[in-house]
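As structure tokens, one chain now follows by itself in the form predicted alone.
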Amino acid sequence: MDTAAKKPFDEMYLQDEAVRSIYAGYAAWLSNVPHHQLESKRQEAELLFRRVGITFNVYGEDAGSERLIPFDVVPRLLSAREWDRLSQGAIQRVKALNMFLHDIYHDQAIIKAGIVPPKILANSQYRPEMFGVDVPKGIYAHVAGIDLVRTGENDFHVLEDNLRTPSGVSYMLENRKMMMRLFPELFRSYQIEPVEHYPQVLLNNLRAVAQAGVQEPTVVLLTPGAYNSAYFEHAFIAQQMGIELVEGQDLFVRNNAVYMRTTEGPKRVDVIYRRIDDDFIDPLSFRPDSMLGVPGLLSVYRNGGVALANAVGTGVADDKDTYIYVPEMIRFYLGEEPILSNVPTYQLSKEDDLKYVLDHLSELVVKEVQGSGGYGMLVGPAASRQELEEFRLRIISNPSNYIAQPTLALSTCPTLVEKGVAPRHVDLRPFVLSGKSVTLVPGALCRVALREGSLVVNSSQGGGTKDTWILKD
């Protein structure tokens, strides 16, 4: 399982430094573009993004500090064949996860079969309030972001499943618009699959889970408000779908229905695309101090008076402890072999795994089971001796709160840096949409670690983004 010493897979160059066929045309174009011209385009993109207001709050910096997510003007290229495999694997995974969620809130067959341990029901993201509730069309995760990493020619692994309120799709869409504006000549030369229909696909899927008999469902996007780090995305997606962006105070419950306050009086809401975590969505059912949610919303939802996307209680399926069992879920529910593999994972609640991890801490990546965004995480090879010792004590005090994985040699893509174009580590988050069917648009959020040698691609930790081109055959 030790992959730390392995040389990263270079997506543009072969070992003899010849250009891979998929990048041949782009490499030829790139060789004729001086660095200062690319840098000028990068600065133009930054100015345009700033005008649009695409900012991201970096937690840990000064209060209220916001900045742009760095945008790389060098795209990531994937072939149609590579994309077909990735998309099929991601769809397979989300189908199984939706079936798992229905199961643990109903018959719990997978627990009775001994495949997933009963302790999953003690997970803080498991919501007993959802037990026995039949959600529309059995869909819990209407939007899922599946984080993938590449380690070889055909070696893609699932690093994480994001099923609660996955973010980043606005950057996928805006990055594409920016690239088309900056480099129109490339889009005339390449046959690149489009992504701009994503909002319409999402809207159609949301409408599909409205109550039977509703001819023109009213869909809204529920945001925590302007102080949320992803508020730009909430406003952007609502605008792109042509739906109202609302906060909790804009909605109220009456007679087993949810209504929106409008200048023309109350209007019934059929589907809520919520970007608020479970804990804050209804102060009568979860955190009583929440000012963000809608009092009584859970009761209406449980009674079928409104649809929520994603469903309450999906978080138990994207917990890092649950992640370990997803390959078995695919076999159990679908009777299929997983198309995409997990990253090998140590469960620190197991004595042998704990001993191995403590003995090899400097070689591994350790994550909090319920952490996200790159927080609560140790990258062993990049950590100082003091950081290793401090994290060791945290693990020993609560081993079951952590998992560990080998330090994968993430693939690299050409990236514009201060001295020119150089390889930097990347990951990929395609967005899987479930409604009438389970689909992906042919594109994804590609995150890039801008510091040389860094493996941390999270925007909240200083990473950037780049456009992903799926090339038609």
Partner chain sequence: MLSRTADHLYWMARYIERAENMARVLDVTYNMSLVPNAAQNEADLWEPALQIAGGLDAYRQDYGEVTAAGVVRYMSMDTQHPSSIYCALRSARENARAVRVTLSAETWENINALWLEFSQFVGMDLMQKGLGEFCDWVKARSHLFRGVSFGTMLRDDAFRFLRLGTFIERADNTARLLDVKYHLLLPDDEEVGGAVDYYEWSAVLRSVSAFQAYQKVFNDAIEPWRVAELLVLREDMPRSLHACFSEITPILDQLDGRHSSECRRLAGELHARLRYGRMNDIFQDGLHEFLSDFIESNNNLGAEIQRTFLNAPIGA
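Residue numbers count along the first chain shown, from 1. Remember, it's a predicted structure, so these values are computed and weren't measured experimentally.
The protein also exists as the form predicted together with its partner chain; that form is not presented, and the subsequent description refers to it.
Partner proximity in the predicted bound form, defined as non-hydrogen atoms within 4.5 angstroms of its partner chain, places exactly one of 286 to 294, 135 to 143, 221 to 229, 205 to 213 at the interface: 221 to 229.
Listed residues Asn398, Thr262, Asn256, Gln191 were compared with its partner chain in the predicted bound form; Thr262 is the one with a heavy atom within 4.5 Å. Note on contacts: among Leu245, Met180, Leu361, Ala383, the single residue with a heavy atom within 4.5 Å of its partner chain in the predicted bound form is Leu245. Although the partner is absent from this view, Val417 stays clear of its partner chain in the predicted bound form, with no non-hydrogen atom inside 4.5 angstroms.
Within 4.5 Å of any heavy atom of its partner chain in the predicted bound form lies no heavy atom of Pro34. Its partner chain is not drawn, but in the predicted bound form it has no heavy atom within 4.5 Å of Ala409.
A residue is said to contact a partner when one of its heavy atoms sits within 4.5 Å of a partner heavy atom; Val52 meets this definition for its partner chain in the predicted bound form.
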